[in-house]
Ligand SMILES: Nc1ncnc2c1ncn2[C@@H]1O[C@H](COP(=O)(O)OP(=O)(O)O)[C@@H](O)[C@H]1O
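Only one chain is included here, represented as structure tokens and corresponding to the form predicted alone.
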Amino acid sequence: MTSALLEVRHLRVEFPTRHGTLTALDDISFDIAPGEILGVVGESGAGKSLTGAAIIGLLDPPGRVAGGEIRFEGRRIDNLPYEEMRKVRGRSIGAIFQDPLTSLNPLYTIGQQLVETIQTHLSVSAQEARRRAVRLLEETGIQAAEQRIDQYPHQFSGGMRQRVVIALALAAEPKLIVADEPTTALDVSIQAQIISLLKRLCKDHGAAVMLVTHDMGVIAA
């Protein structure tokens, strides 16, 4: 048995309100092993995205982890200071969100955003970072990556933007990717491509994926 990469034990998330405390997640436990894809399914409002947000340390205030613990590679991460968690989030845990436009800055080229992410987490030169960025775009299925790297997000279709977001999530070679409804806004043929891309990345990079979705077809795939 491979030891778990991510261990979530009795996770409880609360939102204090004027009318008392709302318990949004209560007693959630699961493990994810390296190279494994864990599907998290449930209807809207069940707390799927909230579970992902708790793991990557991006709960919207006043939401907070009120009980249980989250361990990554044996180290507890739910009680880390913000700056510490930010390092873990970029370097070891990547995130893919439902709407690629929330992850991409419209004022910067795709290349600038990828290069900056790579250089923030890995000590490489600007030239090497750019080479890596082109390679990542190619890996995620973007044609003519050498030319397209200098374009802006609005010059890409929805499916292509989602590929760029996946490339960004992989930029620092994370061990875990939290993918929150990564195919929802895409048509079915593009969905299938994104799913097979995620599977291939698990195989090639040995990364684990927590895949949040309400779509049983995506889970079946």
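All residue numbers refer to positions in the sequence shown, first residue = 1. The shown structure was predicted, so the numbers you read here are calculated from the model rather than taken from an experiment.
This protein has a second form, the form predicted together with this ligand, left out of what is shown; the following refers to that one.
In plain terms, the part of the chain that comes close to this ligand in the model of the complex, with a heavy atom within 4.5 Å, is 38-46 out of 190-198, 168-176, 148-156, 38-46. In the model of the complex, this ligand sits beyond 4.5 Å of every heavy atom of Ile70. Contact between Ala24 and this ligand in the model of the complex is found at the 4.5 Å heavy atom cutoff. Contact check for Ile55: every heavy atom lies farther than 4.5 Å from this ligand in the model of the complex. Contact annotation: Leu50 falls within 4.5 Å of this ligand in the model of the complex, judged by heavy atom distances.
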